[in-house]
Every structure is written in C-alpha cells, then in structure tokens.
Ligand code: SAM
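The chain below stands alone and is given as structure tokens, in the form predicted on its own.
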C-alpha cells in the first residue's frame, strides 16, 4: 500500500496511520462502482490527489474549534479529510446533487464523525451569511464566480480559501473587484506540489467587513454578470 510513504512529511504519515482514511478510501471506491463520484480510484492517487490535497490547508490555518463551510464538496473533498485530522472542526457541506449528499450522509455514519451537516441545495440559497470562520471550495468554478458563492458566508475576520491550479493569476485579477465589493481582501497564495505534478495553490482571501445582504445573487446572474 502507498509505495511513496518515505517521501512524505509528518502530516502525511499521520494521515496514513489513521484508519479512517483507509475506511474512506474503501467506501469511496466501492460506492463509485455504482455511483459516479470520482475518476481517481487507485489508492496512491486517492491519497495524494484527494486526501493530501484536502488536508494541506491544515498547514496554513489553525482549524481547532473552527466552523467551516464547504461549497460543492462532491465526494467530501476537502472538508471530510480535514474533519478526520481535526475532530473539533464543525463542518457544513452544501452540494447541488442529492446522490453526493446521500453518499456523504452514509460516509459520515461509517466514519463515526460528529459535527458534520450535509445540505442538498445551492450555495446561494443558504441563509447563514457572515457566519463561518472558514469557507472552502475545490474545483467548483472560476474565481470571479466563486467569490460570490462563498465570501457572503464568511464572518468578518474569517477566511475564504480556494483550491486552484498554479495558473491562478488571471482568475484572481478578474475577481479582485468582486472580492472588494463582497467585503474581502486578497491576502496571499500558497503554492504546493503533489507527487511532482503541476503545482497547486491555496488562495487566501480575508473577510475584512460584512457582505451586503443583497449577495449572493441568483446563480444565473452571478454567471452571466460576475461582479
């Protein structure tokens, strides 16, 4: 199992020693035979490209006793791996596909995770504005669209973190006007690599003031006319 263990840092070895990740892998790949959740199924790739890519955030933010909202988590990435390594994290997941929510409900039960709420719906329909310590999103939408689906739900002083590829600069430039309008401020981009592949980036946006209650708009308006 996982033939590159010796190359990994302490956080990754801690992950590999946690049996919940193995249970997660088995349940994910077995369910995936019936319900399409991921095209990545071999064990090394799941651990690197899903689990490690998810928990990298823990190297940059203190997650202890924080509330976190995951927009479009799919099969649970990145919030469920983060919950596994920091049990005090209070997680809310919203996803528009009910089959994913059913999978996540079953996964939470299987892993005996408490403090996880899975919501079938669209992000723009949520009512918990200016509420969460951290809002995260991975591979959901272009940043100028994504900021309106996420920043309204971050409380002042909190963070929105977007998981992106290294080719993020153009997206960020497009989103800067919207970030400011929504009460955010670009803080930094942290680059990391997975398995010697193309670099990935965590984009950190600080919430500096409350978002006007008119945001987020309906998704069609966000998509057709980004801020």
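Bear in mind that the values here come from a model prediction, so they are computed numbers and not experimental data. Numbering follows the first chain given and starts at 1.
Beyond what is shown, the protein has a form predicted in complex with the named molecule; the following relates to that form.
Contact check for residue 122: a non-hydrogen atom falls within 4.5 Å of the named molecule in the model of the complex. Interface residue remark: residue 148 is not counted as part of the site for the named molecule in the model of the complex, having no heavy atom within 4.5 Å. Residue contact check for residue 140: one or more of its heavy atoms lie within 4.5 Å of the named molecule in the model of the complex. The named molecule in the model of the complex is approached by residue 77, whose closest heavy atom lies within 4.5 angstroms of it. Residues placing heavy atoms within 4.5 Å of the named molecule in the model of the complex fall in a single listed stretch, namely 87-95, out of 127-135, 87-95, 110-118, 151-159. Contacts to the named molecule in the model of the complex (heavy atom within 4.5 Å) from stretch 55-74: 72, 73, 74.
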